[in-house]
Every structure is written in C-alpha cells, then in structure tokens.
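Single chain ahead, by itself, as structure tokens, in the form predicted on its own.
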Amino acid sequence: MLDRKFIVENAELVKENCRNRGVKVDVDRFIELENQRKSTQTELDEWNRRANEVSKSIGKAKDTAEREARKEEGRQLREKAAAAEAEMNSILDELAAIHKSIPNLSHPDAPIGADDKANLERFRGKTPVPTLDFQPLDHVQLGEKLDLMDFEAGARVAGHGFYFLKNEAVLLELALQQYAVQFLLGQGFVPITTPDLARNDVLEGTGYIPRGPETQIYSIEGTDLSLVATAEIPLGGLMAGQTVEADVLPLKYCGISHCFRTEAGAHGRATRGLYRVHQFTKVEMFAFTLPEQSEAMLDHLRDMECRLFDGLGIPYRVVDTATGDLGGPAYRKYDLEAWMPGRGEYGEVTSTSNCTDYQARRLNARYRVKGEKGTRFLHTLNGTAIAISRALIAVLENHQQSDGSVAVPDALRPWVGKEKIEPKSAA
C-alpha cells in the first residue's frame, strides 16, 4: 500500500492514478478520515493522560470524600477515553478499507488506457511467426490426436477447468520445469518449493483478495487459509515481518508451486483447453531488492522470460501493460505473449511486475543499512518463468508438423527422451 502521509500530501496525483487505472476510490474520504484519526488520537491521549494523573492522585487524597470524588472523576475520564477509543477503532476500520483499495502508483512510461487494448508492443522475440503450408490445429485437437490430455475425465473428477495430462504431455511438463529451473540456477536464483496454502493475511499482503464476490481464490472453509494462486504469494510471505541486511540484496528466488484459481466468468474461444484452468504448475521468479535496484531487476526478470522462450523456439511479443490492466500492487508490468497458431493470435504466457514497496509495506518486510538508524521497506518483484499449461499450448502449437506430429524443442529433448511426439499406433 501507499504511505498514508504520501497520499494526504499528494492527493491529486493519487486521484489521477486511480482514474488512469479505472479504480474508484474515495481519496477525499481517506484524507478526511486521516485528519479525524489524528485529532481523535490527540483527544484519546489527553483523556488517558488526565485519567492517569487522577489515578495517581487518589492515594494522596486528604479524606474519604476527596478520594471518592477523584475516583468518580477517574471513572468519567476513562469513559471518555473508552468512547474516544471506540471512535478511533471505527475510523481505523474505514480508513484501512479505503487504504487497501488504493492501488500502487504507475510508472511514468506505462501506457495510459482502460484495458489490455491499450497495451503497447515493445519488441518481439528471436523466432519469427511461421508461415505454415497446412491448416494448424489448436492444442486441444493436437492433444486428442496424440493422446496427451483428457478434459472430460478431469471434469468428471473435479469439474470443468480441471484436466489430466497423459503420456508425452507429462514428460513435457516435467521437462519445462527442469528447463526453467536449471536455467535460473545458472542466473543466481535460489530454487524453492512453496506451500500450496497460505494464510489470508499473506494473500492480502501480496494484494490478493482471499474472500468476497470478486475473489479468484479458493478459500478453505473454517480456517484462515487459502490455496495459492501463484508462488508469488508464499514467496512474498517469506519476508513478512522480517528485516534483512541491505548488503545481502537483491535476493532472487525460483519458486515451484501448484496454482489454483477459480477463473470465475472465464469463457470463450481464448479460454479453450489449457489456456484458463483452475489448477496448473508454475515456475515463478521473485526478487527482494533495494529501492534503487528494482527497475533494473524488472528488466532482468523480463530478459529471463525472453531467453527462456527464445530457447524454446516460440514466437512472441513483449507488451508494456496499460494502467487499466495493471494489478493493484504493480508499478509497471510487462507481458510476454506467445504466438498461438491454433487460434491465429497472441496469448499471454508470462508476466513480470515491479511492485516497488507496495507489497512490502503491507507485509512489513524491511531492510537495514549497517551504520544507519531505522529500517526501510523492501521492493518486491515477480515474474513468470514458465506457467506449464500455457507453455504447453505454445510448444505444441508452434512445433506441430504437417503430418500431425509435434517436434520436441531441442532444449527439452534431454528430459523428454525423444525428438518427436507422434500419434499412438493402433493396437
């Protein structure tokens, strides 16, 4: 979240940013409440101070009548303090609700626009979009012909949006994980597996809504736990309430997790098959940095995504995400969109975001500079290395052959164990 003092002192900037993001927030009410908080706190402190003074004076009373009078005065002062405290709690509750809904600032170079239609293409990958001399199939059709996935069985077992991977699709999933992890190890990332569950305060700290009508989160009834939508959530929680020394930064993690999302309202051709599902595996990059390191780190994470997909021979473009398409915590975000021949258009396969100190402030994640007093908030960044379900779409559709087979990218062959995936022979 943004600093409360910053919001009050830069109200017009915050309002403009909310408008650019398409977020309706009553910033004026926030400022009004913040002023009320200050005055009520002063009043509360004064009532408590006077009540303490009276309490200390009771033992010095000259007689019973004076002692009883001071006791009564003390009771009245405590009642006034209790009323002021109740008013303060009410103010703080409303203040916190508005505070949490105010998004991060946006980078000055982020495109201003209402949705992803305003995203700006910045550059394309090394692999050009292929010109095919045959009608390409989409990944669902390829999966049926090559016996790679079963959506009907997934729906019978867990409902629509779940699936079984089979045969070489399983090998491809494991290969994609190994490919990403081994590459990131070579770039200084620390590998880590994460819990599939996180406390709701950690979800809220990273900017996710664990409950309510707009949530995309699966919550566990009767607990304060939810299934994680991305490793970003537990990785951000690593430093919740912690303080690290500045000289160990940046910290770069390569997190492997299952991801669970309700994807409420998702429908249409673009969501067909594996593109928008309720569960998938992902290799996530996450970094804690000093404030002056975070912009360079965003470029670094974006470069890691590009090198991974260049290595898979996937055509893609990188877009700078428009303000209206940014998540609340993101200061700036890049999406990598892979070409998907099956539907003849680009589709998002990775994203990387600089969240500055927005998440760290909510999580109370700090750093300390040796020789200096106090602590400061870290900057946090996240980036998808490989989201397996969407990476499978890109691999299968871009490496399909005219004979119905799929060539395995060179980078994955050591783990898949073959050069080509072909239809199964009839028994």
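A quick note: this is a predicted structure, and the numbers were derived from the prediction, not measured. Note that residue numbering begins at 1 and tracks the sequence as displayed.
In what follows, reference is made to the form predicted together with the RNA, a form of this protein that is not presented.
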(Q) Let me test this: is every residue among His107, Gly154 and Arg156 within 4.5 Å of the RNA in the model of the complex, going by heavy atom positions? (A) no
Q: Report whether the minimum heavy atom distance between Lys424 and the RNA in the model of the complex is within 4.5 Å.
A: no
**Q.** Heavy atom of Ile31 within 4.5 Å of the RNA in the model of the complex
**A.** no
Q. Is there a heavy atom of Gly74 lying 4.5 Å or less from a heavy atom of the RNA in the model of the complex?
A. yes
(Q) Using a 4.5 angstroms cut-off on non-hydrogen atoms, would Arg4 count as touching the RNA in the model of the complex? (A) yes
Q. Okay, which stretch from 22-30, 364-372, 397-405, 378-386 lines the RNA in the model of the complex, with non-hydrogen atoms inside 4.5 Å?
A. 364-372
Q: May I ask you to list the residues of 37-56 that have any heavy atom within 4.5 angstroms of the RNA in the model of the complex, in sequence order?
A: Arg37, Lys38, Gln41, Thr42, Asp45, Asn48, Arg49, Asn52, Ser55
